[in-house]
Ligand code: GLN
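Form predicted on its own, single chain, as structure tokens, below.
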Amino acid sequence: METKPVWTIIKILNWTKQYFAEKGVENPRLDAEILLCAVLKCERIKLYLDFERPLDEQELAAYRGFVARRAQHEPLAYILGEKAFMRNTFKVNSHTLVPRPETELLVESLLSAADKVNSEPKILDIGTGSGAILVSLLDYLPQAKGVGVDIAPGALKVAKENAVRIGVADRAAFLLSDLFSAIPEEKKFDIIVSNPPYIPAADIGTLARDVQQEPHGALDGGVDGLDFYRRITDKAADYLTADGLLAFEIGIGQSKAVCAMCRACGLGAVAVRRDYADIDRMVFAAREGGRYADILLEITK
């Protein structure tokens, strides 16, 4: 009888690392370890303590399925079905963008602003996706309430599930809406935040293959990447309280244009925050003389 090969942890990790490298996966060893941990339901350190442990047939089948998907450059978060963001783990799938560390900086700035000005803000999150921004803000601000809007029903379903999982569903509403279209005109918010599509349409094909598998509707910002900033700033002042705050995540090289749009819509106090790579990544705007205007420089340090 033919003897089946024994696949130990170290053997299968080494094989997968080489296979992923051949397929152009960016972090072959790390991804191999993360996927194996998901199968074995263990921490990565456990792999190193148990290198010679053989995998059983069920574990091998599950792992091979994950490896095949990752080799096709499916985002790791989609394979795992979740992504860590702030202090929680959010469900994600092909209907949502994968939350990124830069967006955590946006949330942190808004938390700082609310702490200094209004710890009970009413928040509108435009293009909520997985709900990572809104749900995180509500999680850290137990007196806050918010609305998340998105044009994609699949994304809204995920956002609602995340709100329930993280315990803020009683203070969150999610609406199918093309930006402000489903928001009553008389509704006012202390904070309007958006991480809208901002990739110029012609650049999408040049993005990493993983990113290209995320929903194009959440990436495509039009010819110059600024379409959604134009549309949001055109209406934002009508939905902000008199001293409310507008906050954006932006793409590379877009800060000057987005700041100009904010000023043009009557939000004359503007500040920019950079990300971990020292790139302009967030724009904050408020009416001059308002409470948020006074602390913009503090929250963008």
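Everything numeric here is computed off the predicted structure, so don't read it as measured data. Residue positions are given as counts along the sequence shown, with the first one as 1.
Beyond the structure shown, there is the form predicted in complex with the ligand, which is absent from this document and is the topic of what follows.
Contact annotation for A71: none of its heavy atoms lies within 4.5 Å of the ligand in the predicted bound form. Residue contact with the ligand in the predicted bound form: V117 places no heavy atom within 4.5 Å of it. Although the partner is absent here, E249 sits close enough that one of its heavy atoms falls within 4.5 Å of the ligand in the predicted bound form.
In the predicted bound form, the ligand stays beyond 4.5 Å of every heavy atom belonging to F90.
Only one listed stretch (94-102, 130-138, 145-153, 117-125) carries heavy atoms within 4.5 Å of the ligand in the predicted bound form, and that stretch is 94-102. Using a 4.5 Å heavy atom cutoff, P197, V211 and A218 all lie near the ligand in the predicted bound form.
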